[in-house]
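Look below for two forms of one protein chain, each set out as structure tokens: first structure 1, then structure 2.
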Structure 1
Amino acid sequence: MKVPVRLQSVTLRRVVIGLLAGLLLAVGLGWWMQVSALEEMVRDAGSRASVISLGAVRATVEAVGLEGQETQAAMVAYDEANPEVGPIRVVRFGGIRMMASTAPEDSGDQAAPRKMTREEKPFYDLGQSLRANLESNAGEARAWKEEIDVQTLDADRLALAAPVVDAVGTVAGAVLLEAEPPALRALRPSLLGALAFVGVPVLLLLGLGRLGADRPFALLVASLVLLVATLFAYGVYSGGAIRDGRRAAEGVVGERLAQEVERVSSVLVEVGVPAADVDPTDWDIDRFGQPVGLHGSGGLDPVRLEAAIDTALASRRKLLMVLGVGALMLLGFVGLGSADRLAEIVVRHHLAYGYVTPAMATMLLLVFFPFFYGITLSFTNQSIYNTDQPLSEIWVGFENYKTILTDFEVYRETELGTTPNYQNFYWTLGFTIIWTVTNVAVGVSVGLLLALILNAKGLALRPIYRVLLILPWAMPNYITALIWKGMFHSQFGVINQVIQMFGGSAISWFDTPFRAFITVLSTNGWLSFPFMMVISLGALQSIPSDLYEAARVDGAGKLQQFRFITLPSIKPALVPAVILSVVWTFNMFNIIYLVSEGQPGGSTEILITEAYKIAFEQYRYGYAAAYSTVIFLILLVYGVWQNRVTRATEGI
């Protein structure tokens, strides 16, 4: 019986180094995560405090209204009461008026309310864009777009803006202000504490080893237990620090909220607007206008806060778990001696690895890693709106694949009758197959025909024809695509001129799927036949002419000669060329993307242009990644199949 793990190679030195490496990895990254989480928390609390002030100012303006002098009076009063905010500007869209401004330059004859000047156009534009976002969110009943604007001016000043809604519910203006977020000191976790989590277990293990527990198995178990226990303890310790930090930050936010409620009430009393009660529920909001919901009317809600912290810590725990697995692997790798063996191999073959490393490293970074990252993305619903969230938060499993593959609604019932659903995967797949087959058929038949003609014995000017007919292949294909798009232009395009010359009427080429298909087919046919022609011509020229003579003697006709001599002789060259051009056509992005652009309505989209549009026009990265993975699987199946076919033909 063989022991699966070669325990005799486990020595104290290796285990200690392995434990040290594992702990440095897990605790080091964990500490760095903790530092950035705490910094983020402070930044977030600061900006939320400023957003609360923005909400307070907005509530004041909405209570006072955007009509008369009171707006300016209220803003002046508020600015005086709050030293951390200012200058404040209030813009009204109707009449393009500056209703209030506490900026020092807006005094005297520049004092608000007045008409806005040309220099103040950016304020007006910002307000209008926020209004557009608010209305678009309301229209779609979904918070897609930012409803308030927060910009960092310099080290500790923020510029904020929010739209103002009037009594009827329409967006009538905007408030813009600068604010200084409360100076919160980041709770910096001590580096010494983190280092203790690395040093103590390593020393313990060393001690254990010295004490005589240096049997391989005991050492291995001891190091495993120490690693797991330390990481667990570190998780509890750092989680506690994060919990404390978050509580302190929420305290500051809550304090600001209470201050603002008081301030707004007193300002409203001062300008003589009878406000029944100030409702601060929509002051503490995120960029998309959604309430954060931790502070109710009775102050900070501890149950919700703890729940929010628990969620945050749960995802942190998951990350620590991943780090822990990494640390365990590192411990095993070093402790069991694999690292030593690897180092030995690298030293022995250092020359070879030296030569291979540059190419391998770039391939790993820019080909293999992106490939696996893309497959990982396909299991999430990542889109442009959640790129900053960890993948574990937006994990959806096979949901994307299910949506793509189980939607068989190729035809749809609408009020216009049964119409094809061009966005359906199977429609696009069907179109891609038709596109590939017709293109390859056109390419092969035209190319072969030309090759046969050019191969005629004693043909004059052959080299000239050959060079001229190869030009379509030599041209960059995006240029070809744009040229043909121009020639198919419905009004000025040359092709419609030809049709009209023969008495026809101009055709709108991109109005029906069939006509659009004709445009892309002719473009791609034009650029793909020379390849087939060159390949076939080369193969034809290598057929010995005595074969034909022998056939003639035996009384074979032209057709029989072609069928029994020409075709079998050029097959070995033609089959790989066809296989290659199938893959090329299947992936011919430029022609579809530039000529038909998928018109009409996405009906002439092939799989990869559809995937591109999902990713870069709809910004659904996860879904597009799943779509692309399906394409990859199709190509993989094709690749395996073609491998068999080529082997079979090589056998002949």
Structure 2
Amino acid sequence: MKVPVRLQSVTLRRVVIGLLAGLLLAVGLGWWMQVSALEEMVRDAGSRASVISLGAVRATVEAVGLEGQETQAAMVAYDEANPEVGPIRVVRFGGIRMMASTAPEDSGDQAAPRKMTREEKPFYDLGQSLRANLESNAGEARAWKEEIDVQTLDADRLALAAPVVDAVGTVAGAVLLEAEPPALRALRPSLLGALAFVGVPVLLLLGLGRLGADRPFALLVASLVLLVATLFAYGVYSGGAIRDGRRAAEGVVGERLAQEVERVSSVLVEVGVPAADVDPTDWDIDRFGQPVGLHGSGGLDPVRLEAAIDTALASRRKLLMVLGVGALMLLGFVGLGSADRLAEIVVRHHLAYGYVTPAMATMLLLVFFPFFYGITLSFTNQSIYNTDQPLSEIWVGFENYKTILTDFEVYRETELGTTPNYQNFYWTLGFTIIWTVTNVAVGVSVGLLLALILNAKGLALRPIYRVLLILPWAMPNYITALIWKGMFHSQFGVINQVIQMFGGSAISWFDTPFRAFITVLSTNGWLSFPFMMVISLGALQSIPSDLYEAARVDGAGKLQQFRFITLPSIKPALVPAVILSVVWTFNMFNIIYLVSEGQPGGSTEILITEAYKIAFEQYRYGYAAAYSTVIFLILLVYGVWQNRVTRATEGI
């Protein structure tokens, strides 16, 4: 049977190498990510166990109080009962006092309670910082600042601190301690086991290939089946390791919680405080004071644990699917001979590739990696609360894009009636388009008009005019933005003062969307016309004067010369400049952020400033990455469409 041309390059060697490369990619990266996930479980379990000890100490201090010798006695009793924790320090803000300390140097004359020394000021400052974070979170009704400080001293010790609340709900002090995370055996998966998932399928394919070496299509199908089956089996194998590791980690955390409950109860009984006043449900928390939710007074919740494991495994399955797609592409690339052809081209033109390799590597590191990482981030729900988690555990797919693009509530009903929803994506997109069109129109028209004036023959002082008109573009735009913002100040701005000089009333420029839009349009118009003027002037000076002389001989007027000679001649230079200006203006962050600040009520936000505020004011990094990706796609579609319509870059 005649082999199709497309399969003639398929050989056993290429298919085996392709399968090997695909499995090394998928299983190798999968094993490395599994190692990272299990190591993270160990670190997280140790940190959480130490935070539980911190919570136990804090609960003890809050039950005993921050007055008298009872605090010191309770901390000494706790330190004796828990060898994994120590030294412990309890700071009271009122009076700047060290109410308790189990540090060896704090004995004798230095025994607590006492006035804090100058050398102990860092303890006091850290406590005040945590106090400010706690009060800020409570005031804003959201946890976005860390309420617990955790620092790594060395491989075996952590330094932790947390604020202490007194009986009336006031942050009165802080607890600082060092803790040794509980020993948890390494959950490192077997490298030999992972290599078996690579070697066995390759050996099977070698055996099958010798039986059907003259059937390239069957060879490809066999390699495909082996790849898919191996990845499925490896997913089940690695998922089991993740499940066992998570259970082991939660078991260690639960054991520490049970131990701390017993210790605190005995300590409180020893100092004469009822142990029933202690509630351990808020000891297993993250650094933002939010409960992890798996442990409480009743011990480990198996239902929630299984739900958390299932969520982690679902994310891992998605990750393995992505790796599987990459492995399939690599199998096809190598198995169908494309890799050999590429290698032949590289060897043949090795000198040229050697010259461009440094630039390509730099672009890959500084441009493409951040770009693709941002796109990857857009498929997660990463926020300030889970930045330490691997992307596979916070993967949400297209959920962010769905939330952005399916919210059509541009107007909403309020107590004041139907009002615009300024936070809606389509409202912001509409305003961004209006902002871009008007600014580009102003910049092009003013720039072209000034270029025509400067290009006029016999114009006196032309060099001076050119220098003066280029100054707005030469100055840093953020300085210009701040100057214009000051000019529009309702009380002290020069624009309102000029209006009042002519009998008018001062205008509150940022109180209505239209007025605020006028301020940013004026500012950006001032910044944008010099660029268009320079481009237009250069294009105008390249037009041969013979064309105008011939047109005048034929009886053409000024408007006809402008329409049939000037515009067509400057189009090759002006259209790319307009495309570039549209992209710049669409993403003109500084003017909106510095002049109007999106006011009033976010009505003058553009897409890029909205994405910035989502990322760095709401701390929703994954959602902001999806927002930014949508912006990129809009500009990409515009650029492709504009190039096809205008054919501006055909000669490049």
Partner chain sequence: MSIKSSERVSQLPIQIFLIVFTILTLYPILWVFCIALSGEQSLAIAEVPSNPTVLDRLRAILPWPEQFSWDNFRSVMTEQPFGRWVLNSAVVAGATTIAGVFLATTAGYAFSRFRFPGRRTGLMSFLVSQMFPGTLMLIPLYIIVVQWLGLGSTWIGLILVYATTSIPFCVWMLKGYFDTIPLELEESARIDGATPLQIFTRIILPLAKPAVAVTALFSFMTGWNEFILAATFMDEELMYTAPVGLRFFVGGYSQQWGYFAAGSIIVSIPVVLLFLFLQKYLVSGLTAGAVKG
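Small disclaimer: the values here were computed from a predicted structure and weren't measured. Every residue number counts along structure 1's sequence, beginning with 1. For the two forms, the rigid core is made up of the largest set of C-alpha atoms that agree within 1.5 Å on superposition.
Problem - Panel number for the form predicted in complex with the partner chain - result: It is structure 1; that copy is the form predicted in complex with the partner chain.
Handout entry: Hinge residue among T480, M329, N590, V367, where one rigid part swings against the other between structures 1 and 2
Key = Among the listed options, V367 lies at the hinge between structures 1 and 2.
Practice task
Treating the chain as two rigid parts, state the angle between structures 1 and 2 by which the smaller one turns with respect to the larger, in whole degrees.
Solution key: When the larger parts are aligned, the smaller part is off by a rotation of 21 degrees.
Exercise for the section: Just grab the Cα shift of N386 between structures 1 and 2 for me, core aligned, in angstrom. Expected result: Its C-alpha position differs by 5.4 Å.
Exercise for the section: Quick one: how many Å does the C-alpha of S542 shift between structures 1 and 2 once the rigid core is superposed? Expected result: Here the C-alpha difference is 9.1 Å.
Practice task
Quick one: how many Å does the C-alpha of M363 shift between structures 1 and 2 once the rigid core is superposed?
Solution key: A shift of 2.8 Å.
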